[in-house]
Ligand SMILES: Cc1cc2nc3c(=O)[nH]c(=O)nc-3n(C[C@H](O)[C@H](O)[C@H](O)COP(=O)(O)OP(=O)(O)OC[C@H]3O[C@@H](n4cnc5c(N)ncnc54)[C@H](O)[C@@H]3O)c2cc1C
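One chain comes next, on its own, written as structure tokens: the form predicted on its own.
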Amino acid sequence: MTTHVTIIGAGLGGLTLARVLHVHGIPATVYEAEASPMARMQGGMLDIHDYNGQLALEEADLLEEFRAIVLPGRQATRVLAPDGTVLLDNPDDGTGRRPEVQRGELRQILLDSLPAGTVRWGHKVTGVRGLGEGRHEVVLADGGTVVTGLLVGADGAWSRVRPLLSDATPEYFGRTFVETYLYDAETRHPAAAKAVGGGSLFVFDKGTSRQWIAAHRESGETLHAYMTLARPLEWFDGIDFTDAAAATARIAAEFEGWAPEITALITDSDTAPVLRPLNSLPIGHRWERLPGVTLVGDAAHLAPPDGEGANLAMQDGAELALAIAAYPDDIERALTAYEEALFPRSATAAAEAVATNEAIGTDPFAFFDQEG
């Protein structure tokens, strides 16, 4: 029978892996650096796709719980020109192909489905080394160590596990998000709320890929916006993000002349702007099979955002768990089967993500053409 599985990282990929393993009676422990599930906000909205993310939840036997947290109407999509002209206004079609949920609520469903003690909070990994024969030692920030029989890196872009397998490190993709929130939007920010509509808003400056805006209506009356700027990292070094007013004014200046109901997503933010540089691993990132260890999610195939990242991480977790369950007495066969499917799938997804991001400036509808 398979050995105990050690998972580094309690994101969606790692938790899906732990849950599907649990469904199949295979024990796992998840080590997470954060002190608790509520240590920080867990991102915004996610559209969970019927061809990967939802299939992973089905394997986790959590589809009913997932459907209970879907936010009705959030599949609606609007595209505006910078002057506010409506270019596309599609209502939620009700198909459920890409229903929207809050990332934090989805993560909580996965956490609640695991046996008590599965996730070890406040266990930050500082390094990992091989011990031979498929065993590894995980070193923790508090000085403790864990010896593993099967180690899975689900620890994101800056994975501590990845160096065991690959010399690749994330590189700046050339674009950065500036993130804002508007609360009580219907009463306090009605013009911005109308612009966003009931689901997602996209505003592209056709003919240039230097900046665009995306926003989502989250639960309640919250608008969550991302200003995307194609600038070198050095450009952002010149902005003092500890001075919220000055940073807001500098970012807003890049959208001068855009309709005020759109720029209000920057200027009227109820939170200080947050800088989020976008990084990616090389397209087609892969590694030679090393006994006793593998990767899932961004640790394996970090790519520019296009709505697939969380779905792919969950798919990775579910498929790895299914491979382990299929070959419980031959872990290397399980890991080989998993990686043989992972590598071409993630390479295709990464190439599509790069192409979509690069096409947005000249073809604002590239993203929607991809989605169908």
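Start at 1 with the first residue shown and count on from there. Computed from a predicted model, the values in this text were never measured in an experiment.
FYI, the form predicted in complex with the ligand isn't displayed, but the following is about it.
For the residues P82, G199, G156, G292, the 4.5 Å heavy atom test against the ligand in the predicted bound form is passed only by G156. Of the candidate stretches 183 to 191, 123 to 131, 245 to 253, 284 to 292, only 123 to 131 has residues whose heavy atoms lie within 4.5 Å of the ligand in the predicted bound form.
If you check the ligand in the predicted bound form, you find no heavy atom from any of A60, E319 and P344 within 4.5 Å. The ligand is not shown here, and in the predicted bound form it never comes within 4.5 Å of any heavy atom of R175. The ligand in the predicted bound form is approached by R160, whose closest heavy atom lies within 4.5 angstroms of it. The closest non-hydrogen atom of I26 lies beyond 4.5 Å of the ligand in the predicted bound form.
In the predicted bound form, the ligand lies farther than 4.5 Å from every heavy atom of Q315. Although the ligand is not shown here, in the predicted bound form the stretch 3 to 32 places heavy atoms of I8, G9, A10, G11, L12, G13, G14, Y31, E32 within 4.5 Å of it, in sequence order.
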